[in-house]
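Before any questions on how it binds or moves, here is one chain, the form predicted alone, in structure tokens.
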């Protein structure tokens, strides 16, 4: 397993999933606070009030990163910590927290990669329409400017929005994520406004701090279909690919939307698409963040299938093909490391203008707990990690401009609508005591990083 000499290894987290500390130090209410407080929305009635208590234990968690030997840490900035009401009122204690976090990372030689938006929208903005209302583009741009002014002297790489597809379709389409709306018109509007918000914020941040690099983290997949000869099925794949993989890439890189998908959205899109909007969205990525967990397997809808959204374009999500392979993770997702290689090669071929790719999320949920000796033997996660890192190394060897791999996640954490039932971390968290235990997968990740660094050092010494 060989990576480029300057390759970056990191771990990822998100603010609402780990920070906890509820509403202390002035943090405002976000849509996930409201959603989690709604009966039946989150498993076991869980919420992020405490989570991993990272807000108070960030030094301990950075020490764990140092022990693992990672080069970088991807975290997100909670919008309601900086601006509790989503307006111009600043909460300095929120800014102070992220200043402390960034400084501690740098003191430990760990590069910060900041995500502006990882789903914790101030509830006050949602009350005005949230991502379905175009006023959010200006609000998000102001948020990005404030973050750049405060932190860009130490943070050079920024992801504007994490998984805008989930923001749009899970939040406003089928409602399984906050804010829990089920409205196809709102989902299409959110898909459009997130594209605009990325472009507007990126340009504005670079006016404030010309040295920063901005990108998107897009949850991408390789689609497989039951029958390549079935035109209905391959046309469906084109629509789904346009909706998930291409919508934000084509708009940011080229200032256009995938034609077939845009036509399928029809008036739902044209009524929110104003003249000049795509010029706003057009802001070529300095780097692309790829969040990959598994391939997707499509089957044609059956007569008895009903759309998840009334009046929808097609049943959403699609019925899975009967060919979904085993094994599967605790989330029910198939383990398909070859699909990551195929996806990275596809990006290189289909978007050659993208010259820097980072896998910003990749990981698996498995439930293993510490055994009697206090060891977490998560062999399935080890296999998942190694096989997917091999795919990244192979893609790099085949000319894909990939520069980084971030494992999701550093810590077991609040897994959105699944609450605390699913564990993605390479560090186990006992939520009752907040004790951290590095899992076997964490030690394997550490050893792979150390092996790479040793190889690079040996190569450098041989050239002297």
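The structure displayed is predicted, hence computed values, not measured ones. Numbering follows the first chain given and starts at 1.
Keep in mind the form predicted in complex with a small molecule is missing from the figure; the text below concerns it.
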17, 333 and 416 - do all three of these have some heavy atom no more than 4.5 Å from the small molecule in the predicted bound form? yes
Out of 287, 293, 341, 151, which one falls within 4.5 Å of the small molecule in the predicted bound form, going by heavy atoms? 293
Residue within 4.5 Å of the small molecule in the predicted bound form by heavy atom, from 361, 378, 250, 243, is 361
Counting any heavy atom within 4.5 Å as contact, can you tell me which stretch out of 76-84, 160-168, 124-132, 346-354 lines the small molecule in the predicted bound form? 160-168
With a cut-off of 4.5 Å between heavy atoms, is residue 117 one of the residues that contacts the small molecule in the predicted bound form? no
Is residue 58 close enough to the small molecule in the predicted bound form to count, meaning some heavy atom within 4.5 Å? no
Contact between residue 35 and the small molecule in the predicted bound form at 4.5 Å, heavy atoms? no
4.5 angstroms heavy atom contact with the small molecule in the predicted bound form for residue 405: no
